[in-house]
Every structure is written in C-alpha cells, then in structure tokens.
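First comes one chain, alone, set out as structure tokens in the form predicted on its own.
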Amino acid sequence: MEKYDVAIIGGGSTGLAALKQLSNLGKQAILLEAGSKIGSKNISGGILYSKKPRKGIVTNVEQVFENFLDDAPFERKITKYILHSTSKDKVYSMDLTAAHDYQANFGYSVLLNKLNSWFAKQAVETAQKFGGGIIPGVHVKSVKWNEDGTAIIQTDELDEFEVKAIIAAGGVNSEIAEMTGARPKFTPMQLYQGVKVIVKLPEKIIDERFGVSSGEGAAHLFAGDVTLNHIGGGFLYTNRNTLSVGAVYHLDSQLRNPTEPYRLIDALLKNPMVSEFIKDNVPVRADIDKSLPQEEQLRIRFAVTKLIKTWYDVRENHLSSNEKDEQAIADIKAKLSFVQEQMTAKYNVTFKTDYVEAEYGAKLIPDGKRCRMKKPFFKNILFAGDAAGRGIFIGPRIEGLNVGIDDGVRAANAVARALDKNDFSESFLGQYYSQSLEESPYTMDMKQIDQDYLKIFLDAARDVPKDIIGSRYGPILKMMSNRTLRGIAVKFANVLGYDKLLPMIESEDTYVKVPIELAERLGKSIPISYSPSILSIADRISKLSYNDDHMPHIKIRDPDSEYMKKMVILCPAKCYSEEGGKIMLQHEGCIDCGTCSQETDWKHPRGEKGVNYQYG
C-alpha cells in the first residue's frame, strides 16, 4: 500500500494554502481534487482580502504565496464599496469604503478558476521537492483507520493508500465530515445560498462606467425590493473585463418563502442601476432563410458565429489594450470596422443595447456565527475553511477566502508539529489546532460584535432619519450612535451572544422594509435606457460545461417530504420536478451546490465528472 505523510482533501484556496504551507515547512503532502483540474469546481463572489487585525495575527495570501502581488491573476483592487437601498427605480446609496478598508491591507476581486489554478502551480512546485503534489480527478469515498491510528483513504479512482493525517478542505458540503460523524450536516438556518452570473464587459468601459482607474475596481451591495422579501441581498463586483453579479440569501428564508434562485438574480439584473451598469453594444443575428438548403443554412450559421466571435475578440483587444502606438491603434480600429461591416452587409447582423451573460453558478456558504465547528477535528483529521463552517457574515462584511487561507495555514502548522513529534492523537494534534483557531481574529469576529467596525457602519448611516428605522430599531440605533452608550450596549450584546441577537438583527425589516423606505424617501430615480434580455434557466444551464456521469451522485430519501417539494423551486439548476405527487431528480444538469443535501444522500460527483466552471 502506498504511504504518505499528509493528505489534503479539496483543491480550493484553503486546501492549496495548506499544501503550500506544509511544503514551505519541508513536509510531504498530497492534495486530492475531484475536478479534472484545479479551479474547475470552485466558485466565489468574490473578494479576497489581506487583513491586519489590531488584535491577534492572521496569515495572509501574500505571505503563503510570496509572489502573489507581482504575478497572481487577481482581477481588480477594490477601492470603492457602496451599499444601495432600492425601491423600483429609486436608489439610496451609502459609501461603506471605510468598512471595506477596516483592518485591511487590500481586497481584490477574483475569479477562482484562474486564481486557484495559479495557487496550484505555486504549491505543486514546492510540494514535489518533498515527494508530494496534486492529484486531480479523484473523489474520496471513505476513510477508515488502522490499529496504530493511521488513516486509509479509499477513492473511486485509485488504489487505497495510507496517511498519518488528513486536512479536510472540501467545502461546506464536506463528505469527510459526514462519513466520519465529525459534525452533522449544516442546517438551512446555518447557511446562505448564493447564486451568481458572470457578465462580460470590456475593460475600458468598466473603468469609465464605474469611475475607477485601470486595475482598480468597485464593489456594490444591494438591499430592498431586489431581495423579493428575503433576508439577504445582491452584489456586483468589477473584475478586469467581466462583472460578478449575484444574490446571497439565508437558506431558511428561502425555505419559508420559496423563490427560484435565478429569479433573485433576475430581479437584480432588472434593477435600473444594475441594468445600466451591465449594458453593452450587442450583435443580434438575423433569421436565416429557411428556404435555403440545409447545408447553406449551416454554412451561414457557422460564418456568423465566427464573425461575431472575431468582433468580440477585436473589440476586447481595442477596449482593453494599453497600446500607445497610434498606428497600432488605428490598425485595430480598422479591423474592428471591417469585421462589423462584414457582419451587417453580408449577414444582416444588427446591434442593440443589451447585456452579455457568460456563466451561471451557485453554492452554499456557511455562516460562522451559527455553524463554525467548536471541535474542528476528528481523530487525525482537521477541518478547515468552509468545511469547518467558518465564514464571516456581519451585515455588509462578507469574508471567506481569506478565512480559509488562514485556516489552511493553521491546519498545516498543526500537522507539521504532529509530524515532528510523531503524535497524531486528538489531544496533541486536534486540540492544538482547535486552540489555534480559537486564537484567530476571524473566530473572534464570528463570536462577538466589533465595536470599531460597528462605529464605521453607524458613521456611514448618520444621515439616515431615525424615524425610518421605526419604533423597534430607532431607540437601539440612537443608543448605538452615542459613543458612551454604544460601548455599554456592545458589551451587553456580546454577553447575550449572537444566538439571541440574530433573530432581531437579521430580519425582513433590516434587509427589506427599511431599505425600501430609505429608497422611497431619500433615493434618486435611475433612468433606464433599455430592457435587458434575461436568459432562461434552461439557457443558463446549457451554456455550462459538463462531463456527465451516468451514476447519480444524489439519492432522494423521501420523495414525499415537504423539504424535497420545495427543492422543485429552490434547486438553482432546476434538477427536481414533481410527477404524480412524487419528487423526481434529473441529476445530469446539477451544479453541485448542495442545496438539496439536507434530506438527500448527497455526495460530490466522481472524479472529473459534473460541472466545470470557466470563471468560478
């Protein structure tokens, strides 16, 4: 049997940080990833932060991957952070850039297919020096233990092998956690459901439209009527030449008031401010004459497709180029003009104002305030990042990638220490790691209200009339606005704990009613110049890349349950249907989000199977 020191399960940013840190410490480790390549299964909002906490120490991405700032394929440095309250065509905006900058070195928008692929390249170069590396296309199906405590890992693709320790970094739907009984499945109350689309837009148009310099970007958050009466909100982040547009909502809010996740995206895309942000000049194909021979129709279809792709490529080059030479610029413009003339003259292609959606995806996100593992270990397994339920959701503050990277490093340090002492017991390995996580400033954020962060948010909201907040929250806001009283109130609130406070803080009033009232009374009307042609869910799924598996990775336990009936609406990929009163599953279009996992026998698809994200 093959033997290794450490196995890391999951090739997201958490697992890759653990691999790189172990290799930096001179330890042998292998990483197992179910995707055909690193990054193909990963999806995020997302902003990656580097933090400088006032109390405690965290390990940031640039400390693990030393050349991150010089070479990594991040998108834009976020320099604006704005919260919008919406009601129909009215929007009221608050600048929360100070909250974004709070204790931060930087925050970059990222796309995980590119970024995690780069992480993997850096990590594997170091890991191979010590007999480790990355094995893609592998799905772990079981873990068992020898009498000496070493673990035997069984997969769908490889012969079983033995390791001294395991770092479980397989995300919120960690099968390792479930199969070992380390924790139960997270409940809907502990989770958010996130859905996201990638919108294509040339780099220079983004610069001009969002008022940012080249390489800089903006993050916009939305609450109010765009939520369709759910607890949560929308976001729009600028990437280099795309936009990440998404909606994040409490899963239990969705269960109480089921709404198709893609309709939450649609509501955001139709908001006048967002519609104007995403608009572009889009080519429209003319109908092909059906009386023509089939071969001629096919030739025209291919010719038009090729010309449209060329037009987009040349236009992207023109609007993203830093070319200074006037002749080179003139050549690009001439080529663009020629291609456009060919499209219109030969094939009757017209142009209209619309938007271009490139990718759709979804995932579940853990709320660390509710579900962080108090005991993030089991025997010689350490759980890190989303797998341990560790995400920060505090009002407009949403962090996960940086938390996972720090967790991965802490797990790697704990395993390296255990390797040095040859002690992988829970009392030595697990307790040390657990204590390390408890000392993390991120854990403190999941446990207590940060008075300084609260002050930044209150300062941003100082112009909001107190009567808008209403009788329930007005006195609280007034008390919190007073520095002396705020200190007393925060101490009292932290004694009560998040469990008692959350039902009051995270409510329909907070996310829906108050923002709508703000927009109605203080907002400005946003004129809209067109109506976006929103893709159907069928079109969105058809644009995704799949390696279909004939073996279902999900089994319905009770086709009559009320929960599963709600999945007919809440599955982001529309995999469920009701026939004759029974819930049926069509797994081939699954996007592996795990929304249905609470009442199904759910696992990730086998190695290299299922959805493959182009952007992530």
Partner chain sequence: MAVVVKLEPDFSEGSISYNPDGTLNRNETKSTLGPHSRIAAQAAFYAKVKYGARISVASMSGHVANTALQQAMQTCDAEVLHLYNDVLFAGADTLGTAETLKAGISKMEGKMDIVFSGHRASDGETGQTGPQIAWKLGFPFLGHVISYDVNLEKRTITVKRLLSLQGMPDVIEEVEAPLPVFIAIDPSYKHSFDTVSERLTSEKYQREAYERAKNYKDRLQVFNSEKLGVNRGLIGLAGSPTIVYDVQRVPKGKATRHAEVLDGSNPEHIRKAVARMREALSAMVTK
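Positions refer to the first chain, counted from 1. All figures in this text were calculated on a predicted structure; none of them were measured in a lab.
If you look for the form predicted together with the partner chain, you will not find it shown, but the lines that follow are about it.
At a distance threshold of 4.5 angstroms between non-hydrogen atoms, C575 is out of contact with the partner chain in the predicted complex. Contact check for K374: every heavy atom lies farther than 4.5 Å from the partner chain in the predicted complex. Using a 4.5 angstroms limit between non-hydrogen atoms, F161 touches the partner chain in the predicted complex. Looking at E157, you'd find a heavy atom of it within 4.5 angstroms of the partner chain in the predicted complex. Partner contacts here mean any heavy atom within 4.5 Å of the partner chain in the predicted complex, and among 136-144, 174-182, 206-214, 357-365 they occur only in 136-144. Think of it this way: in the predicted complex, the partner chain has a heavy atom of just one of E295, D95, D289, D148 within 4.5 Å, and the residue is E295.
None of K524, K421, K306, K466 but one reaches within 4.5 angstroms of the partner chain in the predicted complex through a heavy atom, and that residue is K306. Contacts of stretch 110-134 with the partner chain in the predicted complex, defined by any heavy atom lying within 4.5 Å, are made by K121, V124, Q128, G131, G132, G133, I134, listed in sequence order.
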